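The chain below stands alone and is given in structure tokens; this is the form predicted on its own.
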């Protein structure tokens, strides 16, 4: 039986691909005493549910919906987690809660050799994923503007990052205004286009699509979203969110183990799992 156990909590959590990529990395590195599990914990028993892995020797956990914000009350959130307003990784040895989404996203942009500092970046959405993206982009020197259907939620994001991380200068604009804003990168942080609604796009008809820019869609199921197809149709370069998923997981892996994981393998395992799901 593995002596070093980690895992992911959520509700539901059966859909999580994290066990596949982490356990594949453990196997590749011959780390036979490590195992990654998935644990389903309903929101109304989160505090009690956390005791189970903590009291049974788990070194740490990942946290997915709907627990990312609620768990902050029960761990010691670091600067990134407080700034983003969510925890997605916990180390029980220190009770430290952190957020690896922003760094995972920025690391994937850099892996694609995309410039960030001084670039204009449009972020679609104002939820938790958008907070992580705007935080990471702003810290990396980008000029960021947000488009969101609900103005009050966009304002709340801007206010939160100003108060929690001292980040100023984030614009809130309409999609019509965005069409002529002159950005080099669009980041989709909404769930629009997510399976099964694969024909939907957050860039709706009637608004001219910018020519020759890059789109980063955090949606990774399907691999080629409607927004990505719009981008390519206008001579742009489109990137799906699978790399971010692998890279944010890799940061957690190294935090727990002190070992740098094989990111390419982790991403390949995720890709294979998604292809199998598509076949099924």
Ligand code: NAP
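Numbering follows the first chain given and starts at 1. Here the structure is a predicted model, which means the values were calculated and not measured.
A second form of this protein, the form predicted in complex with this ligand, is not displayed here; the remarks below concern that form.
Are all three of 84, 139 and 166 close to this ligand in the predicted bound form, meaning a heavy atom of each within 4.5 Å? The answer is no: none of the three residues contacts the partner (heavy atom, 4.5 Å cut-off).
Using a 4.5 Å heavy atom cut-off, state whether residue 215 contacts this ligand in the predicted bound form. Looking in the predicted bound form, residue contacts with this ligand do not include residue 215, since no heavy atom lies within 4.5 Å.
Please run the contact check for residue 219 against this ligand in the predicted bound form: heavy atoms, 4.5 angstroms, yes or no? Contact check for residue 219: yes, within 4.5 Å of this ligand in the predicted bound form.
Proximity of residue 61 to this ligand in the predicted bound form, heavy atoms at 4.5 Å: Contact with this ligand, no.
Check residue 125 for me: does it contact this ligand in the predicted bound form (non-hydrogen atoms, 4.5 angstroms)? Residue 125: contacts this ligand in the predicted bound form.
I need to confirm a contact call. Of 162, 76, 112, 149, which residue comes within 4.5 Å of this ligand in the predicted bound form, counting heavy atoms only? Contact check passes for 149.
Using a 4.5 Å heavy atom cut-off, which residue among 158, 183, 175, 194 comes into contact with this ligand in the predicted bound form? Spelling it out, the residue with a heavy atom inside the cut-off is 194.
Residue stretch of 89 to 97, 205 to 213, 128 to 136, 114 to 122 approaching this ligand in the predicted bound form, non-hydrogen atom distance within 4.5 Å: After filtering at 4.5 Å, what remains is 128 to 136.
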